[in-house]
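Read the single chain below, which is given as structure tokens and is the form predicted alone.
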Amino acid sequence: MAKIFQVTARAGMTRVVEPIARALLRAGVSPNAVTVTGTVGVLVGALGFGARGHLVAGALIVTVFALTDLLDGTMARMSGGSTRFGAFLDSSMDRVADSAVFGAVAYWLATEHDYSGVAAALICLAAGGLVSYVKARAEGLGMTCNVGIAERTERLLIVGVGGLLTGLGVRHALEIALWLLAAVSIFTVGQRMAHVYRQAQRVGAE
């Protein structure tokens, strides 16, 4: 279901993003510049607003700038494909942005003395990094790892909805979202490790 949602959402967003991507390329803006700008925007939303308890503004800002992840990829495709450094930069900036989001959430929850929420946020931070690492390591070994119910888009969506609802007065919404995200992130790590294990077994049997 998550994959169906992601593919459908991306197909709809592409119709909106492509004209913007073309305009930016005509103006001489590079995909790498968009990648860095998007990360800076996420940092502002997470650390400047979310960490201070302005959850609605923080969630909206993070969501808007997180969409540049789709924009820079579209620009790279239109300009002839992503370079190795571009792919490296994009992946690195994603990790910076994710760390800022969950670090800001953990900090704010600590100021509210919600230590259960802090624990969930830290698990999400660690598990989210592991989800990405397992895929990168598998691909580095020549295998594929395009599986999992909680990829980056789904993770940001879940924490964003939780933060937005909490900011609008729904008690415990963020904490519930974080524990849900922690569970699906750990499950995704297991999915990916099992997927890579099966590939490694097939290779060993050949």
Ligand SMILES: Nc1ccn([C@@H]2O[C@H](COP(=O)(O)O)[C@@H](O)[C@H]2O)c(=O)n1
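Model, not experiment: these values are computed from the prediction. The first residue of the shown sequence is 1; numbering continues from there.
The form predicted in complex with this ligand exists for this protein as well; it is not shown, and the discussion that follows is about that form.
Ligand-free form, site status blocked: this ligand, modelled in by superimposing site C-alphas onto its pose in the model of the complex, brings 3 or more atoms within 2.4 Å of backbone or C-beta atoms. Although the partner is absent from this view, residue 32 contacts this ligand in the model of the complex, with a non-hydrogen atom inside 4.5 angstroms. Taking the partner from elsewhere, residue 87 is found to have a heavy atom lying within 4.5 Å of this ligand in the model of the complex. Remark: residue 103 does not count among the residues lining this ligand in the model of the complex, judged by a heavy atom distance of 4.5 Å or less. In the model of the complex, no heavy atom of residue 116 sits within 4.5 Å of this ligand. Heavy atoms closer than or equal to 4.5 Å to this ligand in the model of the complex belong, across 66-102, to the residues 69, 70, 72, 73, 74, 76, 77, 81, 82, 83, 86, 87, 90, ordered by sequence position.
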